[in-house]
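Presented below, as structure tokens, is a lone chain in the form predicted alone.
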Amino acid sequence: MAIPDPIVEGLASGWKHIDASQLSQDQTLEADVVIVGSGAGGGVAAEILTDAGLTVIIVEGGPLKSSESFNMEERRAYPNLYHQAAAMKTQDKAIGIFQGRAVGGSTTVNWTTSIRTPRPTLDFWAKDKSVKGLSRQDLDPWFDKMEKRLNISKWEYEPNRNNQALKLGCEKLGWDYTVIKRNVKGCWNTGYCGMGCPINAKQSMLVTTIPAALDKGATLVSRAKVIKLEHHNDKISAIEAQALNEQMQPTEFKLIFKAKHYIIAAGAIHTPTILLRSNLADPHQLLGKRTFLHPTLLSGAIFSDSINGHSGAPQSIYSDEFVWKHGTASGDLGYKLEVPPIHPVLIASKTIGYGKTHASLMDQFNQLQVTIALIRDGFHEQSQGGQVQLTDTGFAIDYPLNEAFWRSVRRSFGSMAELQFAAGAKQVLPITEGAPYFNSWKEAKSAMETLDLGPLKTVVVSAHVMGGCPMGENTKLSMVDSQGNSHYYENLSVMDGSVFPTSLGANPQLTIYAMTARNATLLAERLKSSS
């Protein structure tokens, strides 16, 4: 049975798509609105603004791919669909960061987990970060709208064995757990979401909002790296971009984009980077600072039966048992428990050991269950996150990991080991250099206090980057207002996860969808009333 491919069909129908790698001369394009980025923020904004009758150009640094390109092979997916071939790291190399780089952004390669913004997070933003109009009561209609638009609903099928272990451990211990909502339609449960959905079941921006915007006349420019925003007084006058070739290297050709309004939705690394490079007003030196990850720890467990964690929906169960247990801004940092997909290259590159030790672990690959703990940061005074900075060659992310973080790491390793043994694990291996295999929860518990933890010894990863261009009404705390509009430029908005004043304590895609839907709708009304 042929799988419908909305990208191939759309291009054949006459979509306006410019692959900048094919340019033979400089280009200047104009529209009502130019959007930089085509991920969760850019895609939603593009559809809403074109629906409102505005002309829109979407500028994306990555290539336009489709399900024809997605063959479920890690060796092709990581270099073709991720920034730095999925090998991006913080400046000290202590944290690995996964970010998508293709039309659709990280929504093209994420694991579909869709969670509404936790109430404690929104309450904290209102109380401590001067954010207005973003309570759960305010946001719930927008969550409803985007869940309907993107077919987000509770996963009704049996969790795969990897997720079942998380569920069983929680049941045995009496811990909280929840069945995850996923943005899928007609899912085949293959388990390869991180390599691009080969059947177009994942309702990413690549197959939903971007095609809808293009159907209504929007223009998509791919392989175009935005260099800077031109500005004068309190207005943005143009955006300059560099064409990239098929190897993602700069060519000699430039593109200039002009519009009435500009939206930056390049994600929490590249939005601050672009704004810093443009020397925009930043009187309180906020840009790039308070950049947040959910720094994530891994705990492996060997089971007697097959786990086959590469097969089936990657994430379908999570536990919030420890996210808010010690308060929002005081006490130890909270952490969320989930599982990752278990694919050979992903796991081999994110586990420890070498030679025979590593080979022995990989020999048990099909019996390997992995639980992850996502540390919630940005709320505690000792949890100030990191900083995106410009360098001579591009950008760097400095992300110090302090004592408050390592205390939570130790606790989270203990929680994960307790859960995995409760679920029936034979052995548990905290993924930190020098840790032994533990044969029981009693043995693990007594050893946790002396585990040798630290940067470059303990594996820390993250697929969630937030902050760096925060929202709020207090200009000493924020770059944009609570609707994403710049405090300093009347025709500039930011619509992505960079506006979060802290991390979320939950996977971010649904929060970005809902907040962007609200902000883009308000912007469309404003632009139409002024035209």
Ligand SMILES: Cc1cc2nc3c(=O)[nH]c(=O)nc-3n(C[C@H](O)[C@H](O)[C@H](O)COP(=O)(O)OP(=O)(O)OC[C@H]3O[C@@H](n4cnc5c(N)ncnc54)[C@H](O)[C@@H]3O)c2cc1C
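Just count from 1 along the sequence shown to find any residue number. Not measured: the values here are computed from a predicted model.
From this point on, the text means the form predicted in complex with this ligand, which you will not see here.
- Contact annotation for the candidate site: 287, 378 and 479 all lie away from this ligand in the predicted bound form (no heavy atom within 4.5 Å).
- Taking non-hydrogen atoms only, residue 259 never approaches this ligand to within 4.5 angstroms in the predicted bound form.
- Though the partner is left out of this view, residue 303 does not reach within 4.5 Å of this ligand in the predicted bound form, counting heavy atoms only.
- Within this chain, residue 36 lines the site of this ligand in the predicted bound form, having a heavy atom no more than 4.5 Å away.
- Contact check for residue 509: a heavy atom falls within 4.5 Å of this ligand in the predicted bound form.
- Exactly one listed residue, out of 267, 295, 169, 196, brings a non-hydrogen atom to within 4.5 Å of this ligand in the predicted bound form: 267.
- Screening 45, 56, 471, 59 for any heavy atom within 4.5 Å of this ligand in the predicted bound form leaves a single hit, 59.
- The stretch that touches this ligand in the predicted bound form, counting heavy atoms within 4.5 Å, is 217-225, out of 398-406, 437-445, 217-225, 119-127.
- For the partner-free chain shown, nothing in 153-169 comes within 4.5 angstroms of this ligand in the predicted bound form, judged by any non-hydrogen atom.
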